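We begin with a single chain expressed as structure tokens, specifically the form predicted alone.
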Amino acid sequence: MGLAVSELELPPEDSLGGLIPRFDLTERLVHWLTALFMFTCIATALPLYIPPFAQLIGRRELLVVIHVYSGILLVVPTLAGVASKRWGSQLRDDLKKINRWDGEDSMWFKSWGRDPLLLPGKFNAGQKANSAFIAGAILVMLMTGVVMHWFGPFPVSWRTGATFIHDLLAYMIVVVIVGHIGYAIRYPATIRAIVSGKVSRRWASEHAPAWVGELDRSDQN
């Protein structure tokens, strides 16, 4: 997009609270490696489905290989991070938070995050839903991609169904990713969090007050 993080209008820091850690190095590496493989999948899919791109780039077989193995690698960063006993503890804790739904999340969906009485935790319902969709979509894309690429053992009906689901889900993923990037541009603090791992206490108190409360209680103990 041509924007460096330093060029974004980041919110000023809370002079009293300063910065607090949000994502550790493992989580940031998992995010950016997954993003790299996802964008590689999208970039290599364009010439496979859009004739003008195919004519411009050529080398279809090479693009297919890159596309397939980038898709397989999509699951590797998360699996490696979760499996690491030493480096993956915060990633595992955050995945538990993302998979835990409560009444606060229902309120978030009813008001689309605009209810002033909301007290979101580290992740609001929108972020949880986005993460759940991407995780599920990656698994479905992986399974349907296997049927499409290594089609020998599968009946024609499976291959036809896999192709339909794979293509439809690909469009949905692009829409969700565009929305994800748009949200990040709208709230630059989220970009700083996934780049540096930290956010201002003031931002966290506004957007994730229940999480800040958890941190404060943890510090007191």
Partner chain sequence: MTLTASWKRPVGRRIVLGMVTLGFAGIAFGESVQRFIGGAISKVSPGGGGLASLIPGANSFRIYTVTDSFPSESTQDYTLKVTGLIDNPTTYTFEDLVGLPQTSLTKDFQCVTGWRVPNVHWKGVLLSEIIKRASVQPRAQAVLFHSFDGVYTESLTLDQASRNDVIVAYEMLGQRPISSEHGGPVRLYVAPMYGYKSCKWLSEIELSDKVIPGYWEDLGYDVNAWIGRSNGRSDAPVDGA
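Just so it is clear, the structure is predicted and the values come from calculations on it, not from any experiment. Positions refer to the first chain, counted from 1.
Unshown form predicted in complex with its partner chain; subsequent notes refer to it.
Put simply, residue 210 is close to its partner chain in the predicted complex: some heavy atom of it is within 4.5 Å. Its partner chain is not drawn, but in the predicted complex it has a heavy atom within 4.5 Å of residue 144. Contact between residue 196 and its partner chain in the predicted complex is not found at the 4.5 Å heavy atom cutoff. Among heavy atoms of residue 99, some come within 4.5 Å of its partner chain in the predicted complex. If you check its partner chain in the predicted complex, you find a heavy atom from every one of 106, 163 and 168 within 4.5 Å. Screening 58-66, 179-187, 37-45, 24-32 for residues having heavy atoms within 4.5 Å of its partner chain in the predicted complex returns a single hit, 58-66. For the stretch 73-94, the set of residues having any non-hydrogen atom within 4.5 angstroms of its partner chain in the predicted complex is empty.
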